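In structure tokens, the next block holds one chain alone, the form predicted on its own.
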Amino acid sequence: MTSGPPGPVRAVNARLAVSDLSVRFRLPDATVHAVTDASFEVGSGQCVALVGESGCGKSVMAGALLGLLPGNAEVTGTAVLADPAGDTDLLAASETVLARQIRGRRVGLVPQSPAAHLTPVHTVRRHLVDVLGAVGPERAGRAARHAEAERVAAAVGLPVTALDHYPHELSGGMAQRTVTALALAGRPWLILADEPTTGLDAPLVRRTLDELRRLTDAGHAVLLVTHDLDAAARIADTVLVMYAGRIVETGPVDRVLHEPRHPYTRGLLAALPRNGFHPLPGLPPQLSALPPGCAFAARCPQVGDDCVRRPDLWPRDGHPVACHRPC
């Protein structure tokens, strides 16, 4: 990949402040508590990694921020996007505001499973030109959009020959770079990268992560959703550890991954192959049947009588942990 993002960042001093974000899915016979009371911030020049096992609510949180959840989702809390375009609460914004002012313009999404998000009968070039027509400068002519498409593609390492390929002709790495280019076409300052390395081989994982870090260093903000702790260690400034819909530990990446305080974080690290591959025992609880106390208690080696009460995330700054018996 090349050494820089496609063009200047739309906002230099910008911030997303999420407070008490909760997401519930109402089903005929149950309520799924997908995300509960999540609070965090990410600003320009920062990469925040949201980590945890599959099914813990990470992608649901990203979907909530962009209004991409199904109709049975109930979302509460606030997520204030503050930049020179103004202050917008993403959770309260209408679909019209999200579609015309937020998605692709102020916030770009790098989705899971890139090939599934590409139209099979359109070339890469057509994808980029169409997106630029929707989110690019007003009154930009078709020739200008084609030139911009080539520039954006080059910035994420897509060769010009790939622009005339259809999605089924792309390798996993090319498809990943295509959706990254689409996310950056409108020059958003915030990028939501949802499991951007899924299905890639090791060299492409490193290239994809390094590109996200370069974007961060150039002034973008990145919210990286991943189950890969090594990915977080490689590029993140701050780590949010999520379990059963809740953030249970957060802090600077070096402190969280080298001095973990929550038994769950310690378990995730112990399960890494380089640490001996010691899997966590048991399974996470169903999000439709969460226990009243600590959701990790049934799997925790340090469980005690006080774990029948739900722990709060404390202290509020530094390296907070939601555990009655932190490590």
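When you see a residue number, it is the position in the sequence shown, counting from 1. Just so you know, these numbers come straight off a predicted model, no measurement behind them.
The form predicted in complex with a small molecule exists for this protein as well; it is not shown, and the discussion that follows is about that form.
Taking non-hydrogen atoms only, residue 59 approaches the small molecule to within 4.5 angstroms in the model of the complex. Residue contact with the small molecule in the model of the complex: residue 55 places a heavy atom within 4.5 Å of it.
For residue 112, a non-hydrogen atom is located within 4.5 Å of the small molecule in the model of the complex, even though that partner is not displayed. Mapping the unseen interface onto this chain, residue 70 counts among the residues with a heavy atom inside 4.5 Å of the small molecule in the model of the complex. 32 is the sole member of 66, 32, 268, 290 with a non-hydrogen atom within 4.5 Å of the small molecule in the model of the complex.
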